[in-house]
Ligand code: 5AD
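This document starts with one chain, in the form predicted alone, laid out as structure tokens.
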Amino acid sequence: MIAYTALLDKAIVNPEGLSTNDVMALLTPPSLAATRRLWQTAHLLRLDATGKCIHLRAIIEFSNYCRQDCLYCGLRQGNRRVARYRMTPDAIVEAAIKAHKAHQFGTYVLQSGEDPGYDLEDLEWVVQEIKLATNAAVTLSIGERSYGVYQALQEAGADRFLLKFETSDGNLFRKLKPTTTLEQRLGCLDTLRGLGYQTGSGIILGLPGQDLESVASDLLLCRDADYEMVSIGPFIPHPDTPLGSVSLASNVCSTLTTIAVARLLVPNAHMPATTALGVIGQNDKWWKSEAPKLQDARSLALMAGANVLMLDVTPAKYRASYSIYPGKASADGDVICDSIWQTKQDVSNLSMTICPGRGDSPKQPWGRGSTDVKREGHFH
């Protein structure tokens, strides 16, 4: 425990000095007491960087068509059992306006598979109309695109982009994502940063073939890139994919620990308590005994370094079809107002509040209407 505490202290003072072996050690606390110490340390770092309040993001999953064929994803091109849908531009904007009437979200996340079926002009119009109607930030999560597409969407008003690299292990990436390459994905992330997007990335934890060293390397990549957003979500097997019979490798504890270490390495990043964590938490008896007053494992993540919650505001008729992994469709409930009310109750039960405003990165002032300011440090 003494050695682990010393390593935690080193991570706080000099995260740039951590080696792969250091990160592997941080990911494997020697005891439950050390694990709790890690989570508490990450929580304090989060308070210092992004404050006590929680950012709510409204996510609209507007198309489940995808040209990629990733072995783990229910939206993969090769899955013939999924009912495909593609929301019209008008319907996407209407979904955002409906959500805005229920709660003035500071950010709308427009997410889809890598769907080539939209005209660029339509996507530009959607971004412009949502910003005009809500005065909120717009985050895109639409996969690998050309420089010209990224540039045009940013000029239309898009503020942020989320593109997970999933794994930094080239061999593993090649096996799991045969229709693209790690070099291409990292190249897209570099392009996004160069254009000035607030850029998010991250990993899937517990992928078949992933080991501890691989995860440590993933987190070090996030540190070195210094992304504005870092997402850690557990792998959940989908029955209609080649990996459908693989056993679940991650649990709530390992996911929280990885989020906490990510917070040590990228202290100023926004980090979501992912819906996937909520899904695996439904059957994880350990965390429920650890925190019996909490209803959702995502709440526990907010005490271990995470500071963002995603609320699904996709129209109900489409939700079941956006099945990246099983169990997701019902994770946030079917009624937007009920989902928002429950989320506010959960946050209040943690003695936290919902942040107003866009929730921009605290790293520096960003353009186009940002009013968020970096808080003065108070970490000791």
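Just count from 1 along the sequence shown to find any residue number. Small disclaimer: the values here were computed from a predicted structure and weren't measured.
Missing here is the form predicted together with the ligand; even so, the following discussion is about that form.
- Distance criterion of 4.5 Å from any heavy atom to the ligand in the predicted bound form singles out I236 from the list L219, I236, I130, M87.
- With the partner removed from view, the residue among Q111, T258, S299, Q198 that has a non-hydrogen atom within 4.5 Å of the ligand in the predicted bound form turns out to be Q111.
- Segments offered: 122-130, 208-216, 161-169, 301-309. Contacting the ligand in the predicted bound form at heavy atom distances within 4.5 Å is 161-169.
- In the predicted bound form, the ligand lies within 4.5 Å of some heavy atom of Y325.
- In the predicted bound form, no heavy atom of L265 sits within 4.5 Å of the ligand.
- Interface residue remark: Y72 is counted as part of the site for the ligand in the predicted bound form, having a heavy atom within 4.5 Å.
- Under a 4.5 angstroms non-hydrogen atom cutoff, the ligand in the predicted bound form lacks A95 among its neighbouring residues.
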